[in-house]
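A lone chain, given as structure tokens: the form predicted alone.
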């Protein structure tokens, strides 16, 4: 099938969806293609941290200023995606006061609000903190739902004429002189092939930026950094808890919906596709985070997972934590002579909108049109509703509950299915809180498959779909198998082997 558009965006993470929305609001015809579903890369495998910029004020002040500026904008345009918890940067005896004092001054310089709390003040607000702490600094951190955020951007883009093709991968580029003439792509589920012609191509593939650029004979200086994280079965703190020291492994705890997420590590990788969380990383995360919250030593863990940070490095660094968390926008016309190709990479989830704005501004400049950005002013769809768990608690009991852990209602899922665009089980899970709670889908995914069967929407054999989900789920459970996690996994095995004969 031949397709034509003004702008072709490659990549369906937060940046790609943000660009699609920005361009659509400016009235510029745009098409996004993504080889998986939205949020298949780092955007769906992060901490869920709503950055204040505090984490970078000392090591990367420019990135910190970007974070706090976007933090303020997102509170206005996407309140339904954010839980405004605030965050503490906690100093332990071994940390001493020196870094804390530098941190407070750096916050002031970067315009990040920071308030010093005494030991007793911090413990009164967060009783789970270690009583040996020296002090805490309060900053406007929070928790963010990346799935709600990205899908809201895609929905708004579609309202204004933006189009997207999911599960569609680029196979090759046809070049003509100094331009990409045609992008060849393929539907990876059903095999349909596309020939896409566009005036400009945006590479927003994150960790896969170099892989895409190879098709044009190009590369950029990327460092792929694996960050591993752990999920507890309950929410351990009210606020985001950071260690007040230079960034290191196991120095942050983020409360997210009904759970807490502990992180993170930084391990250099060569391949964005093949990685796993190791038991050594799990032990390190537990050891370090429990120094701030002692209850973590006895906590029950329900899953380990990792995401790949796409870091742009202008020069080789010995430690990936020394590489800036800022973003880079590359005009390959100026850099490499390919006039209609742009790469946007790096950055943080909280700066996705700014990255989209700068990319769209560059496109307008290259196209010779004046169409100002409005994404900082226009709220996202759903901005008026309650966020997350509050919304689900409000409607509890009004319909059948599919997921007891996250209080996901049957009618929620049916609303998602009415759209008729979802192609596999994971697409549905990305659009609800199903399988994100303490049982990790063990008790709700089979209910979901029952609904899909009843409505005739299950593609293929439901038993095979269920087995595929359980195998994928096992990857995240295997590294944390001890104590109560072993007992739960034996229960799941007994249910699915004994009752369902899987």
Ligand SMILES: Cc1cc2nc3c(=O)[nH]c(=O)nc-3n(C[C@H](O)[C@H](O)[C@H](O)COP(=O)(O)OP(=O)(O)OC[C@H]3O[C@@H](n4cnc5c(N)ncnc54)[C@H](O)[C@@H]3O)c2cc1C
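Keep in mind it's a predicted model, so treat the numbers as computed, not measured. Numbering follows the first chain given and starts at 1.
The next section is about a form of this same protein that is not shown, the form predicted together with the ligand.
Colleague: Looking at 447, 47, 26, 65, which has any heavy atom no more than 4.5 Å from the ligand in the model of the complex?
Modeller: Answer to the contact question: 47.
Colleague: Which of these residues, 87, 162, 206, 250, gets a heavy atom within 4.5 Å of the ligand in the model of the complex?
Modeller: The residue in contact is 206.
Colleague: Within a 4.5 Å heavy atom cut-off, is residue 70 in contact with the ligand in the model of the complex?
Modeller: No - in the model of the complex, heavy atoms of residue 70 and the ligand never come within 4.5 Å of each other.
Colleague: Any chance residue 20 has a heavy atom within 4.5 Å of the ligand in the model of the complex?
Modeller: Looking in the model of the complex, residue contacts with the ligand do not include residue 20, since no heavy atom lies within 4.5 Å.
Colleague: With the partner left out here, check for me: in the model of the complex, does some heavy atom of residue 303 sit within 4.5 Å of the ligand?
Modeller: No, no contact at 4.5 Å.
Colleague: Considering non-hydrogen atoms and a 4.5 Å limit, does the ligand approach residue 51 in the model of the complex?
Modeller: Answer yes; at least one heavy atom of residue 51 falls within 4.5 Å of the ligand in the model of the complex.
Colleague: The chain here is shown without the ligand. Which stretch in 473 to 481, 449 to 457, 429 to 437, 35 to 43 comes within 4.5 angstroms of it in the model of the complex, by heavy atom distance?
Modeller: One stretch meets the cut-off, namely 35 to 43.
Colleague: Heavy atoms within 4.5 Å of the ligand in the model of the complex is the criterion; list the residues of 10 to 31 that meet it.
Modeller: Heavy-atom contacts within 4.5 Å come from 10, 11, 12, 13, 14, 15, 16.
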